[in-house]
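Next up: the same protein chain in two forms, each one alone, written as structure tokens (structure 1, then structure 2).
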Structure 1
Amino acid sequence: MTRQIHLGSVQIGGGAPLVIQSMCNTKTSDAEATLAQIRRLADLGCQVIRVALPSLSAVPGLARICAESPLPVVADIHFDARLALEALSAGAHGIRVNPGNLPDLARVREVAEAAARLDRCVRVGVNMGSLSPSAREKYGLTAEAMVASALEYLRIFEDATCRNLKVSLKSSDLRISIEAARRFHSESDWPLHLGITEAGTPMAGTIKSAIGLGVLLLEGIGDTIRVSLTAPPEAEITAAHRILDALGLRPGRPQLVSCPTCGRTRIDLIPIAEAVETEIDRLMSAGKSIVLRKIAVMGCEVNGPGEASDADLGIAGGNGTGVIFKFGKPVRRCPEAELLPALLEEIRAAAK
């Protein structure tokens, strides 16, 4: 169990639900465009948003974003500690700093003192490209070096009595990212933000992230996540939800299982499965909780109630017809044209 911290109104760690975050790709100086993107991401289920602060000229935009954002805002800081201080003054709920590219540690201590005084959240982010010199010299480009760097940097903030700290240890190498998170989790109880950095394009990046995040989340490691994709940030939120769905870590959303189809399939199953997924998304976006643990969309009697007997609700197709079943027991037979409407009716009835 990690200790619990707060980022604005969002609780992180200490048994709090897993938090999904993303990062805007708009210019922070363009507050209007950034706020519009944040609102879209919030509607999709994003809970924390990060924005870049590349220069002092973007601070006025950041101040407006922090004042009007529906989500807690984290300012992403690199190279210049003044930007971190200005972000805190502008009302950022949190800052992400990588002390490995802030060479003046005296200024880092100044940032730590300001964050402690204002009770703001700090994410100490360690990437393979910005390790502490001592850790790199001792361990090389390894997971051990990442953890040693994180612990070294954390001490600066702990000494300044910061009480809202979280850590990220990100590499584009899956094995290193997983090993670093495991090592850190065994040595510290500060909350961990998980992600595979520079994961790639939507399909490749989602697969890579699903493997890395999935391994760690199934081990009980991780308090916040970002799926880093070379894609609009909206795609990151969708991918994050899909990963959590597959792991059974998204309360109120049923797991959708559907067969891959084969030569035995006698109904047009793919559009049915897609329509069910779309309806679940719509209900969840409307704030509904669906009191079904698992929904099955099956193409024939082989993959029907038998293999999906533990599904709360499902359909199995036949030759131009099909059955609706509950907990493995057929309850209704329908012509193919009525299967989807009947299934959607059952799903909507279970949405509260």
Structure 2
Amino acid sequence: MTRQIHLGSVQIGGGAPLVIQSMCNTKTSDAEATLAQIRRLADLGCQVIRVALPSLSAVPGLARICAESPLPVVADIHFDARLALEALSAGAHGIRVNPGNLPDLARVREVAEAAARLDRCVRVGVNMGSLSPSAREKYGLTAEAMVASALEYLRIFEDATCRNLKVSLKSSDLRISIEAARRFHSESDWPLHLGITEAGTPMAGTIKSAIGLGVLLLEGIGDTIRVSLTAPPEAEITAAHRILDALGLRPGRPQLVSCPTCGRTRIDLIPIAEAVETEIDRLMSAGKSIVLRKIAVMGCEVNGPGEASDADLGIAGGNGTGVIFKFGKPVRRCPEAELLPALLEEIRAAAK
């Protein structure tokens, strides 16, 4: 169990539900566009937002964003410790600092003292693409190098009595990201922000992130996640939800189990499964919790009755007809055209 920290009003770690993050691709100096994007992301279910702070000229924009954002704002800092100090003064709920891009430890100590004094959150964000030269020289491009960088940097923030720290250890290599997170988790109880960096285009990047995050989350490692996609950030939130859905980690969302189609399928299964998924998405977006553990949409007699009877709600299709199951019991047989409306009605009735 990790320690619990806070980032603005959001609790992270220590058994709190997983927190979903993303990063704006607007210019921080354009507060209007950035706030509009943050609001869209918040509506989609993003809980923490990061914005770049590439120069001092963007600080006034950041101040307005922090004041008006519906989500806690993390300023992403590289190369210049003054940017970190200015971000904290401007009201950033958190900052992200990268050991490889801010190597002057005396300056980092000043940042740590300011963060501690203001009770702000700091992410020590290690990335294989920007390791500190000393870690890279000592350990090469390895998981050890990433963990060593994080622990060295963390010590500075701990010594300054910062209480809201988290760590990320990101590589574009799946195996190294997984190894680094496991190692860190076994050595420290600060919360972990998980992500596979530069994972790629929407489909490829989602799959790579799903595997990397999935391996770790199944082991109980990880407190907050970001899916990094070469795509608008809105796509990152959708992908994050799909990954948590697959792991059964979104409270109030049933698992949807649906047959592949094969030569046995006697009903038109694909549109039924898609319509059920769309309805679940719609209800979740509207803030509902669906009081069903598992919904099964099955096409024939091979696994149909078995899966449907293990589900809270299900259909097993036959030849132009199907049987509706509720909590393990067949409740009625009806023609194919009535299956989907009946399923949707039951799902809506279970949404609170």
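None of these values were measured; they are calculated from a predicted model. So that the term is clear: the rigid core is the largest set of C-alpha atoms that superpose within 1.5 Å between two forms. Please note that residue numbering is based on structure 1, beginning with 1 at the start of its sequence.
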Answer for which single form is the form predicted alone: 1
Core-superposed C-alpha of P251 shifting 2 Å or more between the two structures: no
Threshold 2 Å Cα movement between the two structures for D268, core superposed: yes
C-alpha of A84 moved at least 2 Å between the two structures on rigid core: no
Rigid-core-superposed Cα shift at G328 between the two structures, Å: 4.1
Shift in Å of the C-alpha at S134 between the two structures after core superposition: 3.5
